[in-house]
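You are given structure tokens for the same protein chain in two forms, set apart as structure 1 and structure 2.
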Structure 1
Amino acid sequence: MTSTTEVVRAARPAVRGERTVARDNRRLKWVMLAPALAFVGLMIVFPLLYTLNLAFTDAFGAVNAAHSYVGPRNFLDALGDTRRFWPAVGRTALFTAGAVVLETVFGLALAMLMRRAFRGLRLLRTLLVIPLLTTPLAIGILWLLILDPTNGIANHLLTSMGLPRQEFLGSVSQSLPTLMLIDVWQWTPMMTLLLLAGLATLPGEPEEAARVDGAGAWQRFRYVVLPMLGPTLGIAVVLRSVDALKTFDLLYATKGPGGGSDFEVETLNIYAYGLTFDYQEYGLASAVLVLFTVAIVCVVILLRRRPEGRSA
């Protein structure tokens, strides 16, 4: 009869072999990841570190021109600028919050509508994708033509219904709300597709049980579908919020440098672009971009914590 000691000795080579295989797999994993990590380091980490370095200098006129370190002066100058910086922060927050809220509401409504098959569903899905296939620059030019105060089709439609003409993008007060609606038109389909994919993964038993118990359509949506869709909804809001914060093409294509004659749509992206390419204040522009990056990271952290807290 084989003793316990002999069994243990016989098992040791197998255990050592498993450990060797596991160690080799770990090494192979890092070898396979090395090219991707190197690419990330080259294309993302290096520009971030270079921008952070410039933020502490008085670089002006050219990036490679002689400059000296000035400590946190650029950050203090940016944070103390109540004429351009803080209004740009407010417009960025307003544009992002307004666009994302509307896109989430409309996207969720469309996703619920398209959840069940009906005649024309395939055509509707095709039409929804069209705005996503067009570049923001082309969309900006298209809406400039549509919303032209003199010859645009939008004012022709308004006057045909007996309504007064609007300035739209030609007005200081209407420019930012108009651009928010254009952004909603372009990106609501993305929210719809994300939420529709989330709805497709939900189990049908809880909703059917609620239906049997007599719950109405709104009650099933509010107390069954929406809680289960929470994680997907949270991810969609985070992705869209980060993308909306970085909006540049649409604003620049419609209003040009400075975000208009009175800086009416100047967000942090437009402000930093002007500091860099119009005024060549590379140190101050880098400080603004660093602050902007920190703000985006904080927004992502806040948005990611809320859905987790609700799901818990």
Structure 2
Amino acid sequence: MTSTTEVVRAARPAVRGERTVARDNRRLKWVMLAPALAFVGLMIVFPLLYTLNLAFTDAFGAVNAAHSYVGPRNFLDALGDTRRFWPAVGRTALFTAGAVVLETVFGLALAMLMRRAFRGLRLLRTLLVIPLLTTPLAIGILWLLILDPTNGIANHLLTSMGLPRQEFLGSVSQSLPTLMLIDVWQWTPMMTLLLLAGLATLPGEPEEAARVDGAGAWQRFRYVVLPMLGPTLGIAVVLRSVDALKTFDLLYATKGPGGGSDFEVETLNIYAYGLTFDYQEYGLASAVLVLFTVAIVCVVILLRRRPEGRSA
């Protein structure tokens, strides 16, 4: 591409000097970028600084009420809180790890299944796109109906097969796993589509060579396709993890504030939201959010390191 560009450039009649063009380009690219950059910057820099500042205060009740600096007390309070904070950390980790692992496994299996064309491929792809684009509120509502402990079709099917009734979202112990599986249902398609896009870019020769050398289907998948798919898999896992960590709509829609009567699905995001809007504990909430944001960034860095290290 560069060489072609150079040829075109050389062939171009010198209407204006190259240097003027370069300066124009430099100015233009910033003009083109500025509105988007300024908008996102304004919308994010102030909130980050504001939250960081609030985290060191005892702000409570109203955001603009007088408050004083209390040093790292909010952070110490949060980190010493084994009743709400640490269980929320645990649930966030469990929900995210469980959902992302299952979505990766199912997504990969489904992508391999859909890799070669078959009649109905287009239909299946359409069916996969629909859950992705449906509002999590509607998803929550439709699963509330399906999983209703007394009148839901799920229990009807279970009992008709001679299996015991389940409480699903009506029980403290089953709520988080149930919501995790709903997340798996909604987001496995995303994993599949990302991996299908990755598979489509892979060269065919290595696999063909492995086939000629007598490698079976599993061996070709494990030792040829999977390593080549590594970068895409890495990106897909990062994207899904970031979103899963921050899951809010589905949890809030189905279990309400505080993640249910026993805080059974209270993740960090739900906890921080509750601290902010139900308890008006702005100082503590901000500290929790700072910790949460740092944790997300750490997860991203950690996940990004592996595939790069392997390919190097």
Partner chain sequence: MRLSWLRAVVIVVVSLVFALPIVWMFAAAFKTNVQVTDPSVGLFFTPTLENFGNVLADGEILAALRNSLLVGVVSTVLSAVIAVPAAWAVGRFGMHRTGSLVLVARIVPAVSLLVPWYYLFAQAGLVGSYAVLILSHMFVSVPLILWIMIGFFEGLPVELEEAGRTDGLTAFGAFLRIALPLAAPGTATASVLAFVASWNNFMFALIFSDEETQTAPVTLFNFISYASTDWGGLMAAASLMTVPVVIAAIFGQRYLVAGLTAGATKG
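For clarity, a rigid core is taken as the largest C-alpha set superposing within 1.5 Å between two forms. Predicted model only: the values in this text are computed from it and were never measured. Here, residue number means position along structure 1's sequence, counting from 1.
Working through the pair one at a time, identify the form predicted on its own and give its number.
-> Comparing the pair, one sees that structure 1 is the form predicted on its own and the remaining one is not.
Core superposition between structure 1 and structure 2, C-alpha change of Y279 at least 2 Å | No, its C-alpha moves less than 2 Å.
Determine whether the C-alpha of A66 shifts by 2 Å or more between structure 1 and structure 2 once the rigid core is superposed.
-> No: A66 shifts by under 2 Å between structure 1 and structure 2.
Core-aligned, is the CA shift for Y50 between structure 1 and structure 2 2 angstroms or more?
-> For Y50, whose C-alpha is compared between structure 1 and structure 2 after core superposition, the shift is less than 2 Å.
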